[in-house]
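Shown below, as structure tokens, is a lone chain in the form predicted on its own; questions about how it binds or moves come after it.
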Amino acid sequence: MDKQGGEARRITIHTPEDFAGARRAGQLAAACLDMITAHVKPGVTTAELDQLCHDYMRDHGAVPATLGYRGYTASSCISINHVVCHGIPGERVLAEGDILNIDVTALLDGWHGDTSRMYTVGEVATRARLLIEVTHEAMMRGIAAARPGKHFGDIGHAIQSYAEKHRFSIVRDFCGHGIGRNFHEPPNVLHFGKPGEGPRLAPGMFFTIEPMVNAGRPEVKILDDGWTAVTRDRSLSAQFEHMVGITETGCEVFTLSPAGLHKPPYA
């Protein structure tokens, strides 16, 4: 109990006025992912997609928060197939059948908006589509559990139980995080757990829910670049991410798609 209480005391409680800043940043990040949708197609490099995201954020008055963060060299993370997260954009050319996650964080007027979405390149395998569907639904079930008076373990349990029911696995090595004026801060938001565990949710908490779900085993490894995380068994991995704020009655999702492009297939 002392550990839980100590962690809870480190979680920033934002004011009602702060919601407006987080909402603007979140909507800009979500609009950036809307914009990139039409550009995800065979023959495009991940570096080209990254440049489009960079230009969009800058053209709308924001700074890509990942650019230069702890030495990271790009304005987005683009993770393809068996890459779990933190894939560095480069000369990789998208091919028919690829699945990929694009993760952007816009820093707008001092507030961070952090979100990611899955994309498909042409026709993809049935199991890949199921993995994407289950990952999105698992995230949304986690969000539904994010209410004042509940615990962070309730979020993790909702995500884990749904993913494992479909015989997929939850990555344990990465988690969601507190966010606001700081890119990363307490709490760590685990995507697995038991109901009633962890700090209690309270109005004014801002954090991300971003489950990474593998088609095979949950273990990952980091490549020599120090960033790219891949599945150890080279199975496919999928991720979605939303940034939320706990309200008096539930939670607000700051990063919903303005165009309604929540998950593939995109019209």
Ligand code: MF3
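All values reported here derive from a predicted model rather than from experimental measurement. All residue numbers refer to positions in the sequence shown, first residue = 1.
Quick note: we don't show the form predicted in complex with this ligand, though the next part is all about it.
If you superimpose the site C-alphas and bring this ligand over from its pose in the predicted complex, none of its atoms is within 2.4 angstroms of a backbone or C-beta atom of this form, and that means open. This chain is drawn without this ligand; in the predicted complex, the residue among Ile170, Ala158, Cys77, Val83 with a heavy atom within 4.5 Å of it is Cys77. None of His177, His151, His166, Arg141 but one reaches within 4.5 angstroms of this ligand in the predicted complex through a heavy atom, and that residue is His177. The stretch among 123-131, 90-98, 181-189, 158-166 whose residues place heavy atoms within 4.5 Å of this ligand in the predicted complex is 181-189.
Using a 4.5 Å cutoff between non-hydrogen atoms, Thr135 does not count as a contact of this ligand in the predicted complex. Shown alone here, Asp50 lies farther than 4.5 Å from this ligand in the predicted complex, counting heavy atoms only. Residue contact check for Thr66: one or more of its heavy atoms lie within 4.5 Å of this ligand in the predicted complex.
Within 4.5 angstroms of this ligand in the predicted complex, the stretch 93-112 places a non-hydrogen atom from each of Asp103, Thr105, taken in sequence order.
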